[in-house]
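Read the single chain below, which is given as structure tokens and is the form predicted on its own.
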């Protein structure tokens, strides 16, 4: 689960109140048994949507644009500020078989659970016209064993490395993003090696090379087809070489004094961005908005973005249509339009949601995109290339988000409580067993 991603990547998210989240529960609860709130009356088609965080459709005016182009359509969108609140309500309504919206947002951390346990509640979108433009690995995340597609992709979170040029210069490391990328090209262990050079040569007191070892861990595992589960849904984290290698290298970074001992989006991290207490952060595309906001105007031009050693993805969402919707056809047409390449490119330009559409990655709004805050970095090309590197299949598990959080907590035991990697692994293993088993 990546609710932090949803509630912090832009100022708009911070403005969404708890009242909005509660509104999802109240308004959904008012639907007739088996209904979804939408319908047809007097030639008007009403489509309801349940969204969370800042998916962008309402905030950027895309829904208004669609209604102007389709005068007979009225779209009513409820947006919950907190994804956890949203998903709890969604589970309740799925179990009851009522109170749902015609269209429901699906966070990536929930995709496997819904695909496995609730696929009959969703329309199969595999045959919707004009939806063959998505990155292969994106749609694999919401495809069931019998090839049913329960959602169409919205955004993704390809990863790069955000770094402070001034702190790199003080440590005698290159500052040009191409040369920085060469420091660790093709191997995350080279990233750690660069950190050791930074620590040895840095002239800035109390400045760590990276914010947290868990960021490194996430980047390493999410560049592989399988992480915590195999295709049969069995837990494999304890034996998966990708997880073991990521734990080993992240532990090395933690025990070598390369981290600021922080957890992303937890207390201390935002001040660290503003005060320059660390020189790098592994950053998915959506994190740039948060960094620029929290680091503040004083640090504009000090940050830059370099290609990561290997492509990986953290985050993303989908839009699904409910099987009981009385306006299924119209809802499918709306979902296909909202997730079309042109709309995805528009959302990226407006609020930074990176497209999951392979076609959108080639549009000028994406390819030519640069970030003034991050020293003019060609973010469209950097993150677009990362998205293309990710394996075509991404195997998700029902409790991926929970397990990821537990691993982050385990690495914190090493960083903040001086536990050995072996002790922290045992604790992590036990916690996962209790939470998932």
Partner chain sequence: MAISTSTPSDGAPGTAPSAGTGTGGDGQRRSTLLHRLDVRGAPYAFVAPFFVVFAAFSFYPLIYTSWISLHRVELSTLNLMEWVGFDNYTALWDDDRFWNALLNTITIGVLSTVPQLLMALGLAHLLNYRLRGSTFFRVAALTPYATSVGAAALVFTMLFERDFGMINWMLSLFGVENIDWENNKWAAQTAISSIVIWRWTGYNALLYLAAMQAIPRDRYEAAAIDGASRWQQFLMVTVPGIRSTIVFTIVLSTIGATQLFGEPLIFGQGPNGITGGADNQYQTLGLLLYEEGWKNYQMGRAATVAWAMFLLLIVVFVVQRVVQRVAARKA
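Please read these numbers as outputs of a predicted model, since none were measured by experiment. Take the two forms, find the largest set of C-alpha atoms that superpose within 1.5 Å, and that set is the rigid core. Residue numbers count along the first chain shown, from 1.
Just so you know, the form predicted in complex with its partner chain exists too; it's not on screen, but the next bit is about it.
Contact annotation: residue 126 falls outside 4.5 Å of its partner chain in the predicted complex, judged by heavy atom distances.
Heavy atoms of residue 263 reach within 4.5 Å of its partner chain in the predicted complex, making it an interface residue. Residue 240 falls outside the set of residues with a heavy atom inside 4.5 Å of its partner chain in the predicted complex. Taking the partner from the other structure, its partner chain in the predicted complex has a heavy atom within 4.5 Å of a heavy atom of residue 84. Each of 92, 413 and 435 places at least one heavy atom within 4.5 Å of its partner chain in the predicted complex. Contact with its partner chain in the predicted complex, defined as any heavy atom within 4.5 Å, is confined among 192-200, 242-250, 344-352, 84-92 to 84-92. Contact annotation: of the candidates 71, 364, 267, 186, the single residue with a non-hydrogen atom within 4.5 angstroms of its partner chain in the predicted complex is 267.
The partner is absent here; in the predicted complex, the one residue of 44, 409, 65, 375 having a heavy atom within 4.5 Å of its partner chain is 409. Taking a 4.5 Å heavy atom cutoff to its partner chain in the predicted complex, the one contacting residue in 113-137 is 118.
In a rigid-core overlay of the protein, residue 223 has its C-alpha displaced by under 2 Å between this form and the one not shown. Relative to the superposed core, residue 91 undergoes a C-alpha shift of no less than 2 Å between this form and the one not shown.
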